[in-house]
Every structure is written in structure tokens, then in C-alpha cells.
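Shown next as C-alpha cells: one chain only, the form predicted alone.
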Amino acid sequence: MSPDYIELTYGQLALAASLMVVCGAISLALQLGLERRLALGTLRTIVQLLLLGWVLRWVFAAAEQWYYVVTLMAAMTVVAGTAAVRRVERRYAGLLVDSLLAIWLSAWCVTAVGAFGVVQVPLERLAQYGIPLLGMVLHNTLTGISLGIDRLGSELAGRRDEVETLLALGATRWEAAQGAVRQAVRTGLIPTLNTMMVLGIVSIPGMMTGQLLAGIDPIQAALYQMVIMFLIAAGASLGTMTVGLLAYRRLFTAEHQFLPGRLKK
């Protein structure tokens, strides 16, 4: 029995990749200087996704050994937590630990609710559902954490005089820092909220598109996409709030003193 979707060959992949050659030619013609980045991005996309496909094929085949699935999910989480702080401008000692802890707690809790509470995935199908769900939640959570922690550092550095004045006047460390923490959480949630505002109007989301191509009923595809968006929003929100609070506790002492020296640009 043939699958409900149209299978692609490597030749068809090459045809699609040839569009990137057109993009490179446009870059050359307009002297944009993007040829190298386009070539590198194309190569990395092909290599990384093919590797992922082969790994997932092997994991799906060994799905009964749940520890293979959990090991892969743990590796994905570590990579996401590391990537979240890679481009943060102002760092402090313990930032990577905070990022890993925040993304692990938020993404895994949200994914567990989605997989076992909402979709009610049998344990033997954890690989099929859990890995894609966690991957989507991780991607958006790391974006929220990265934006949030970067904004928190900028806010505290830019408002140092205001924070220290509030502390000198008797404010608690939370009263002095809450404005910066709130701005950080708001910034971290902007991409997710913007996406939610235009779902189904400006674009068809990636997961829904994939299910439609696979022949899933459009209503079922829409329901799955709604669940995914709620999981993504929850993961980004919890992750950004968690890392903001962890950073706040590292940058302020229990004696209500601000430690700006810990923020390194």
C-alpha cells in the first residue's frame, strides 16, 4: 500500500536546492555579499536535516527502548540551552546553567502535558510524538530565553542608577528589579505572540502544512496546530520567566544589593 503523501527523491531535492543558486546569483549581481552565507546555510540545512532523518529513523525503529528516545531528547535540550545564550550581549557567571535549567524545566514540563495529558500518547509511541513536540517547544523557548535574558542585562545595565537609587531609598531587590524582569519577559514573548496573531491568516503554520501534505484531515491538522501553539506559548513564557528570576537572584544579594560587576559585556 502506497503512503498518503508523495515521496520525494534526491533528484527532486537537488531541483529545490537549485533555487538557492538563483539566490546566490542575485546576491552576486547586486553585490550583496551573501553568497557564502547562502551556500553555507544550504549545505548545513541538507546535512543537518538528513542526519536528523537518519537518526529519527533509527530511534523510531528502536522505540521500545525508551532510553534511546530520552537520550535524544536530552541531547536536543542541552543544545537548545547552549544556543540560547550564544548571542547574549551581557553575560554573568552561571548564565549557561540558568539557561539549561530554565529550558529543561519549562520545555519538558510543557511537552509532558501536551504528550501525555492532551494528546494522550501511548508510551510505545513516545518517539513519534514526543520528539517532534519537544523540538518545536525547544526552538521557541530558546528564542524567548535568548531575547529575554539579553533584554534583562540591557535593562539592568542601562537603569543601574535608578536601581541603586531605589535600593538606597529602602526598596527591596524585587521592587528595584521587577521593571527590568517584566520588560525581559515581554521581549521574550514577542515572537510567539506575533505568530499567534496571524496564524491561519498570513500563513499556514509548518506543522499544519506537513500534516496536510501527509493527507491528514484539515480539521484535525488545525486542532493539532492549535495545541502546538499553546504548548509553544506556554514553554516560551515559562522559560523566559524562569531564566529571568534565576538571573535576578544571581545579580542581587539577599541583603538587597545590586551586583552590576557580575554583568560582563
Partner chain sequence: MSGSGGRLPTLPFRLENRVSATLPLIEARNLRRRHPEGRGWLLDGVSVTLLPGMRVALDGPSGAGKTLLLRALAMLDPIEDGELFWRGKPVARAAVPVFRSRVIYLHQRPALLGETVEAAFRRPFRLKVHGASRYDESRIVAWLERLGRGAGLLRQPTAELSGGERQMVALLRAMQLDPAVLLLDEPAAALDAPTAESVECLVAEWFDAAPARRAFCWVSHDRRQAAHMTDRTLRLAAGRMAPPQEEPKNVP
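Numbering follows the first chain given and starts at 1. It should be emphasised that the depicted structure is a prediction, and the values quoted were computed from it without experimental measurement.
Heads up, the form predicted together with its partner chain isn't pictured, but that's what we're talking about next.
Its partner chain is not drawn, but in the predicted bound form it has no heavy atom within 4.5 Å of L8.
Contact check for A171: a heavy atom falls within 4.5 Å of its partner chain in the predicted bound form. Contact annotation: Q12 falls outside 4.5 Å of its partner chain in the predicted bound form, judged by heavy atom distances.
Though the partner is left out of this view, H256 does reach within 4.5 Å of its partner chain in the predicted bound form, counting heavy atoms only. With the partner left out here, its partner chain still marks one of 188-196, 128-136, 112-120, 158-166 in the predicted bound form; by a 4.5 Å heavy atom cut-off that stretch is 158-166.
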